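Here we start with a single chain on its own, the form predicted on its own, put down as structure tokens.
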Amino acid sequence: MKAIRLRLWQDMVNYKKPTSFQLKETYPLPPYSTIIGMVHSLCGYEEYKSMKVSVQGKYFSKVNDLYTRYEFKNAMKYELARHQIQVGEYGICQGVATAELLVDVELLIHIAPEDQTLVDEIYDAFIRPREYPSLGRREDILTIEEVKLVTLTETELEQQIKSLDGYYAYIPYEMVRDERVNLTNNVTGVTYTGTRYKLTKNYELVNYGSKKVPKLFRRWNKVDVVYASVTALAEETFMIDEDNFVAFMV
């Protein structure tokens, strides 16, 4: 399977958890949907292109920062005493909120489109981006340190392979449950020492209205993963590229 391998770096970034509001919390690594969205944006795709993604990386620290938040209630009319901004006859509240930011993020990402004829197109989109690339919020600019075409091969390991120094990964839950990997930082009495997430990957539009008055909502497909530092065990089968990097493709 052909794939694009990326080495990326970001200064300060927020990969927002969808359920966080007062404090805009961040995932420790970008979820699959964020990366797939970036690929679609850089390539100019207007329809979903199915692809598998592996995400690994690390960050130095976390900080909190202030940002300007705008809120409105559906169909609420503008009131001078309540709203700071008027848009037509409707009102918007302007205030201050807090965002959690990761500092000095390094990422190792593999991307393998289901349609393998798209590999060169995606590769070119990272070699010559048509605009500044970002990952996370719009302002979270990305530094592309390496783009490489690789071949992922399903290989039974003769010896174990550890994560890069300090790197963590999103590992498919089945792989952890079946004990194909060894999680580092084991704690006595704790089955899995990583953090379990259900991450968004892609979505389909569902109409909860009628044909005449459609009400379209996104129904997300989620993936069960464990976030941890990991060692791929010998005598187990993994997707490996030619530089001996393990890819946990989802």
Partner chain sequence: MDENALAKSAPKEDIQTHTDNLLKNVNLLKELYPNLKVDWGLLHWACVYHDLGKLHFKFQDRIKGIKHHPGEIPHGLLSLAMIDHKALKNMGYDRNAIKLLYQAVAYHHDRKMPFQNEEIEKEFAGLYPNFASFEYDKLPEKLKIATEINQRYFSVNKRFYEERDKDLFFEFIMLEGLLNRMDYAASAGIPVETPNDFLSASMDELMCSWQEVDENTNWNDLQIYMRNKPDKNLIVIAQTGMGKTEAGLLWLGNAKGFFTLPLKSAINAIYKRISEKIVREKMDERVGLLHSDTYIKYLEQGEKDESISLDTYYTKTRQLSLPLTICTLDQLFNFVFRYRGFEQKLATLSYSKVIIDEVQMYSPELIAYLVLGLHYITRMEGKFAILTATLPTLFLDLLREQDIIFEPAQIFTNDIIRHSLKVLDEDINSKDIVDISKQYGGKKILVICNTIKSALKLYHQLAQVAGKQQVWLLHSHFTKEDRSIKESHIMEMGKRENTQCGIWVATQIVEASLDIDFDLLFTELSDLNGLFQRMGRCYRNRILDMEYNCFVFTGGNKRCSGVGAFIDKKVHNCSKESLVGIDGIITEGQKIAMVEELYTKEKLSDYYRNIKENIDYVKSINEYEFSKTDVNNKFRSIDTVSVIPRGVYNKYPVEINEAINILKADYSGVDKSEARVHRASARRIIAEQTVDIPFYLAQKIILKKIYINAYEQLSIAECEYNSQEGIIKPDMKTGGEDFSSHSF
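Quantities reported herein were computed from a predicted structural model and do not represent experimental measurements. Numbering follows the first chain given and starts at 1.
Omitted from view is the form predicted together with its partner chain, to which the following refers.
In the model of the complex, which of the stretches 84-92, 113-121, 175-183, 135-143 has residues with heavy atoms within 4.5 Å of its partner chain?
Stretch with heavy atoms near the partner: 175-183.
Quick check on this chain: which one of 206, 187, 63, 66 has a heavy atom within 4.5 Å of its partner chain in the model of the complex?
Spelling it out, the residue with a heavy atom inside the cut-off is 187.
With its partner chain left out of view, which of 191, 210, 221, 195 would have a heavy atom within 4.5 Å of it in the model of the complex?
Selected residue: 191.
Evaluate residue 235 for contact with its partner chain in the model of the complex, applying a 4.5 angstroms cut-off between non-hydrogen atoms, and reply yes or no.
So residue 235 counts as contacting its partner chain.
Any of the heavy atoms of residue 130 lying within 4.5 Å of its partner chain in the model of the complex?
It does not: once its partner chain is placed as it appears in the model of the complex, residue 130 has no heavy atom within 4.5 Å of it.
So in the model of the complex, does residue 160 come within 4.5 Å of its partner chain, heavy atom to heavy atom?
Answer yes; at least one heavy atom of residue 160 falls within 4.5 Å of its partner chain in the model of the complex.
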